[in-house]
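What follows is a single chain, given as structure tokens, in the form predicted alone.
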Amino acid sequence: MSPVKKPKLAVWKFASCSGCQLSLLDVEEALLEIAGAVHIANFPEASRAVVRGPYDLSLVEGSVTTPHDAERIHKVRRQSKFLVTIGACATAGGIQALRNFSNIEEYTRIVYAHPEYIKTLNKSTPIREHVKVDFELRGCPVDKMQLVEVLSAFLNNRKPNIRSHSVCMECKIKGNPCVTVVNGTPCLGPVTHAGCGSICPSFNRGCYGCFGPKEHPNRHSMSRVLTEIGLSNPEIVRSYRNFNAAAGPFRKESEYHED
């Protein structure tokens, strides 16, 4: 009797800090179960070994910032039955998408002694702008247990059970007082996708929007609240231009408040 063939799992790195890959390594005992259920074919943070495709599931970390990566992501897509993007870089362009609001040629001239050797794109873009994506898992970094849920879902042919409400709902579930109402602290919780467990508000800090905009965020009302508690237009712009600066609703709202 031939052994059961395990599904192939590949993890790919593009422009990123590798933090989302480390989230997978950080699931501890669950990682042993994952390793036993799949054949890990490619995982830069865990091994230099690379097994040739095709792959049943590819996890893609990082944004596309170079012409080479713009070509490479198409190769990954062709080899993958399912492709899931993980983290703010892969789903929204990441912190490096701040380049999208500046002149990249000017910065390369300032930073590099020989900018003519630098091959880069003017923008940092999410993976979905280049290829079809089957699911996006947000966060900077992603929540490790949400990542396990996504792996389990795709390997068992079901839809991932990932909540789509806001960080405000997480605060209500935990019984946190609203830091904006109580202290006048700027907080993007009302427009930010849940997933972090409301870490910052739990420590009396405002949400920084690490998990990106929730579905259909009321961004104008959010900005009106920020204005009422004393933020200037430049401060509102900086609030939205963080880990998910290029995410559609955050980008549009930051541009609306630019002087």
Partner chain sequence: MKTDKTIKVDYLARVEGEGALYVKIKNDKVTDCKLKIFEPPRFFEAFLRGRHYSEVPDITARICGICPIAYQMASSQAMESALGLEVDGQLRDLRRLIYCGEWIESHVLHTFMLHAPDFLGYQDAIQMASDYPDQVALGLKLKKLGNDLMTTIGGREIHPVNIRVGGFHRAPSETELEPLIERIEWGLDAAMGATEFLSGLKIPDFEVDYEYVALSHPDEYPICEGRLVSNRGLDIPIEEFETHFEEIHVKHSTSLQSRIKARSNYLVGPLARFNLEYEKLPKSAKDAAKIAGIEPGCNNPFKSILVRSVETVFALDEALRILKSYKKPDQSYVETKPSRSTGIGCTEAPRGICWHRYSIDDDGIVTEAKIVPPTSQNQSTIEEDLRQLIPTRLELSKDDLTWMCEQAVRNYDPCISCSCHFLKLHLDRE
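In this text, all values refer to a predicted model and were calculated from it rather than measured experimentally. Positions refer to the first chain, counted from 1.
If you look for the form predicted in complex with the partner chain, you will not find it shown, but the lines that follow are about it.
> Three residues, L22, Y107 and C140; all within 4.5 Å of the partner chain in the predicted complex via heavy atoms?
Replying inline: Spot residues vs the partner chain: full contact, yes.
Notebook entry, point to check: Just one of A70, A37, V51, L31 has a heavy atom within 4.5 Å of the partner chain in the predicted complex. Which one?
Noted result: Partner contact (heavy atom, 4.5 Å) among the options: L31.
* To do: Give a yes/no on whether C200 approaches the partner chain to within 4.5 Å in the predicted complex, heavy atoms considered.
  => Because a heavy atom of C200 falls inside 4.5 Å of the partner chain in the predicted complex, the answer is yes.
_Please tell me whether any heavy atom belonging to T192 falls inside 4.5 Å of a heavy atom of the partner chain, as the geometry stands in the predicted complex._
T192: no contact with the partner chain in the predicted complex.
| 4.5 Å heavy atom contact, R241 and the partner chain in the predicted complex | R241: yes, in contact with the partner chain in the predicted complex.
**4.5 Å heavy atom contact, S221 and the partner chain in the predicted complex** = Close contact is absent here: in the predicted complex, S221 is far from the partner chain, nothing within 4.5 Å, heavy atoms only.
**Q.** Candidate stretches 78-86, 108-116, 153-161, 176-184 - the one whose heavy atoms come within 4.5 Å of the partner chain in the predicted complex
**A.** Within 4.5 Å of the partner lies stretch 108-116.
| request: Pull the contact list for 5-21: residues with a heavy atom within 4.5 Å of the partner chain in the predicted complex, in sequence order. | output: Sequence-ordered list: K13, F14, A15, S16, C17, S18, G19.
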